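First, one chain by itself: the form predicted on its own, in structure tokens.
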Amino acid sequence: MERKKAAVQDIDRTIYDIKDKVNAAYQVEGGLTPEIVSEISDQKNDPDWMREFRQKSLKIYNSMENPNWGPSLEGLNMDNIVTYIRPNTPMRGNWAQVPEDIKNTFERLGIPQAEQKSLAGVGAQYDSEVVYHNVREEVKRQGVVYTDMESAIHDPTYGPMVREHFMKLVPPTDHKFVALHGAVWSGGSFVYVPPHVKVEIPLQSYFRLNAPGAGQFEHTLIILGEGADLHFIEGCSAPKYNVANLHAGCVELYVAKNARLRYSTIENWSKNMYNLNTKRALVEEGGTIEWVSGSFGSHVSYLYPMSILKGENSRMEFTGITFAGKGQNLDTGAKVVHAAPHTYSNINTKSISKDGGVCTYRSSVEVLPQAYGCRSAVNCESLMLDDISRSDTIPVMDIRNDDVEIGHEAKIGRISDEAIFYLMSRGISEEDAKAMIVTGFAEPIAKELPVEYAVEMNNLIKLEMEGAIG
């Protein structure tokens, strides 16, 4: 078969589209009822407070309507979604003990190599449960706790910490799909970094959804002590099926005084996925949250990481890129609340749409009355590669203090004919010129990632570009 020509080398999509035979040890029926939620609690041996929390969340879910804004969720029918699938293996700390089919999938995705080269610890979730978890001994000796959520809940030392923080920052009343998460969550990661501890190399969790018609609802809770420093990386992927899959995870990040957390995500969901994820950070005095986000794949996405700058001189940086192709409607952006004086936020996003894809940038900057002397800058750029794609920018600013500096800049445009002509005049083909421009457009995002993940992001861009040019 003749390979398609591009300025960047084409890569094989099959590494993401691996479909393992579903070999679950246990799964609930499709749909959502109090009995199914109770069944999940039984399977996970939930403590009483979690059992009550799940049922309360389900009632909230049933009392809420779907959002009446944003992309359509018409194709998502919860009666057909299986909310819990336990793979046929317990969590392992030794890679060799992971079942061959699951191990092969993660190996083709490069997880063990990344762990060996550039990670201080890794967790790998397959459908609803974490199947592998490991952290380097030197990191453990620093007092860093990195484990799956279920182990943390039952830990005598950290269980109370989980209970104190779990879905306090993102309560089930926030919106319908976070209430759903509260009812059926499973898997995910718990990280605690003690005060003044710096983790030199990143931790990573990778979430793989394999079963058709399944939902994945992992919960990530990260707590940094005063002056701590951590880079956490989250990766996600799934093969494509002809039925809807659902991802409704939840991320809660607590950044203490003078601590710094970088949270990087490369999402590569299949194009039958509804990605309705919720992420939020609470930042104390002098603390910093840095978001780096690459959103690829999914049929529909609603994704707006939120930062609450609670303490004086706290900071937020958000750098993100979204790529929407045929049949995709990706509604993404960022939210920030300046709740203290002299806080700072910087949002820098880029989106690319092609083949009729729809990208919407939606942001919210809120400055509370007591937040004097704060600064915020928002910059969003959108690039459309043809006449049938669409890009919208919907910024909202609610400023309740005169003593602030706020800026917003938005650029939406087609790929430049002049730039293509210039490159073609230098002997470069039109196809190669377009690919070079798109890769250059994404470069500011790629440079914020560790090199291994920048390579993955660039590969995903190549995949999205394949067939869009020429």
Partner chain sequence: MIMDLALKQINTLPTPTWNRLGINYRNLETKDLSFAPYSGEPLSALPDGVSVSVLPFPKPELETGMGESAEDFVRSNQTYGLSLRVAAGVKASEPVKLDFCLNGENPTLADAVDITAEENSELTVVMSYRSEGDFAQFHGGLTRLYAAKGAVIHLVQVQLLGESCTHFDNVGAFAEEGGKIDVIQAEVGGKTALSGVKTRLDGEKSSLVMDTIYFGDGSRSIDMNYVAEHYGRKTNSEIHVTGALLHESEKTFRGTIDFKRGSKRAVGHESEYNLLFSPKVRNKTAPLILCAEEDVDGRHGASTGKIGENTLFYLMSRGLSELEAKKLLIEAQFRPVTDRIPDESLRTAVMEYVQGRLSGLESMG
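Positions refer to the first chain, counted from 1. Just so we're clear, the structure is a prediction, and the values are computed from it rather than from any experiment.
Another form, the form predicted in complex with its partner chain, is not on view; read the next lines as being about it.
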Consider Val191 of the chain shown here, and say whether it contacts its partner chain in the model of the complex, taking contact as heavy atoms within 4.5 Å.
-> no
Does any heavy atom of Phe166 come within 4.5 Å of a heavy atom of its partner chain in the model of the complex?
-> no
Lys411, heavy atom within 4.5 angstroms of its partner chain in the model of the complex = yes
Look up in the model of the complex whether Gly440 has a non-hydrogen atom within 4.5 angstroms of its partner chain, and give yes or no.
-> no
Which among 213 to 221, 316 to 324, 158 to 166, 67 to 75 is in contact with its partner chain in the model of the complex, heavy atoms within 4.5 angstroms?
-> 67 to 75
Checked Asn348, Ser391, Asn268, Thr265 for heavy atoms within 4.5 Å of its partner chain in the model of the complex; positive is Ser391
In the model of the complex, which of the listed residues (Thr147, Ser205, Ser363, Asn272) lies with a heavy atom within 4.5 Å of its partner chain?
-> Ser363
Contacts with its partner chain in the model of the complex - residues in 386 to 403 whose heavy atoms fall within 4.5 Å = Asp386, Asp387, Ile388, Ser389, Arg390, Ser391, Asp392, Thr393, Ile394, Pro395, Val396, Met397, Asp398, Ile399, Arg400, Asn401, Asp402, Asp403
